[in-house]
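Listed next as structure tokens is one chain, alone, in the form predicted alone.
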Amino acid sequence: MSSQDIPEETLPSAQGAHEGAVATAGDPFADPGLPPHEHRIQDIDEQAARRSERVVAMLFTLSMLATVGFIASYVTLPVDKNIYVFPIGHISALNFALGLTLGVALFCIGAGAVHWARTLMSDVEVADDRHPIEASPEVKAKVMDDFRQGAEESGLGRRKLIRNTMFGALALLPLSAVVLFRDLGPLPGTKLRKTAWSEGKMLINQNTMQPLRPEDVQVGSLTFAMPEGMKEEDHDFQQEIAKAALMIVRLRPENIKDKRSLDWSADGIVAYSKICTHVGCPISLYEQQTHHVLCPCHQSTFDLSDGGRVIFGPAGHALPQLRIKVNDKGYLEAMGDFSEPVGPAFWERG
């Protein structure tokens, strides 16, 4: 149906328009304008406004208390404790407490902000004409004026109770995320600096599982060893061997260039960490003539005759050496742990 088929008395121009309507020449439909503004009780009654202010402050305060409860639950509740919650059933007490407190903290901030906006901030509807995307200096000045007016009408400066409790709730809430960083894993402590090697532990051949004697290691051979007392069936064997894995090479003493390496050897037998100092791959390729070992992952090459220093590849530092000796029973044994952390470097290595 076209406009010509509509009776003139039913057109908006014939019926009249709301107050403030604007008619455009040649357009039979007038702009209806905005409905008359209705004042809220908070706009005319300061006591009602103060009640709303207290409600908003109470919600922000509840958010702060819930955030504190979140942190307290995380610190105090054991991971393995279960509770019965109707109608859910048996669930983790920690998960329930964390979810409940964090949910209350977020909800109260949102509810407080909504209640503040609906009862205390200005609710006068303002119509503005569309304008080009690029703002003119006049528009920018108007935006700043509107912003200042909105800030004044929000009562943020005048209603200090709301402002202070809101800032408190927003300041405490991020602590929930900070506390969750603790779940990235247990703190390493000194685990990265220590291995299963200690003074007096004999070197055990990983192939025969027997203690090593100097005569078991021939010149030019490569032997892998682990500390005495470790067993493959131990639950932490893989974690420990990843740090304690050892490779043993026998060199002629005159071929050992580094004085410390010579002092820490036993009858020309040098013991170095098997873990590459680049990304932790196990080193297993040995070149007899040059005394070089090669990591198969990224081709980092180390010279065992010169303190295990890096001669090629991305590795950042030399292989840690284990000081060894021959004990009274004729077996090779460690004289302590590695002098520095094994494997890739980490930020607090020093």
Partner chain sequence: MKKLSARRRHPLAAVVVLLFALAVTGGLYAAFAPADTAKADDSAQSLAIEEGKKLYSVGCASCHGTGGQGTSDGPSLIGVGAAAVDFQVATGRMPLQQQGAQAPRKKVIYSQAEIDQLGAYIASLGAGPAVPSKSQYSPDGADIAKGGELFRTNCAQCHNFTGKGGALSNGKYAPTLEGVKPKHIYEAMQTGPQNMPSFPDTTMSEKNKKDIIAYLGEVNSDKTKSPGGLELGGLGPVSEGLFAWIFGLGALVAVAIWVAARTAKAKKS
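Residue numbers count along the first chain shown, from 1. Because the structure is a prediction, the values reported are computed rather than measured. C-alpha atoms forming the largest set that superposes within 1.5 Å between two forms make up the rigid core.
What comes next is about the form predicted in complex with the partner chain, which does not appear here.
The partner chain is not shown here, and in the model of the complex it never comes within 4.5 Å of any heavy atom of residue 51. The partner chain is not shown here, and in the model of the complex it never comes within 4.5 Å of any heavy atom of residue 47.
In the model of the complex, the partner chain sits within 4.5 Å of a heavy atom of residue 125. Shown alone here, residue 325 lies farther than 4.5 Å from the partner chain in the model of the complex, counting heavy atoms only. Taken together, the three residues 205, 222 and 232 all come within 4.5 Å of the partner chain in the model of the complex, as judged by their closest heavy atom. Only one segment in the set 160-168, 146-154, 257-265, 84-92 has any non-hydrogen atom within 4.5 angstroms of the partner chain in the model of the complex, and it is 84-92. Although the partner chain is not shown here, in the model of the complex the stretch 272-306 places heavy atoms of 274, 284, 285, 286, 287, 288, 289, 290, 294, 296 within 4.5 Å of it, in sequence order.
Once the rigid core is overlaid between this form and the one not shown, residue 279 does not reach a Cα shift of 2 Å, moving by less than that. Comparing the forms between this form and the one not shown on their rigid core, the Cα displacement of residue 89 reaches 2 Å or more. Superposed on the core, the two forms differ at residue 124: its CA moves 2 Å or more between this form and the one not shown.
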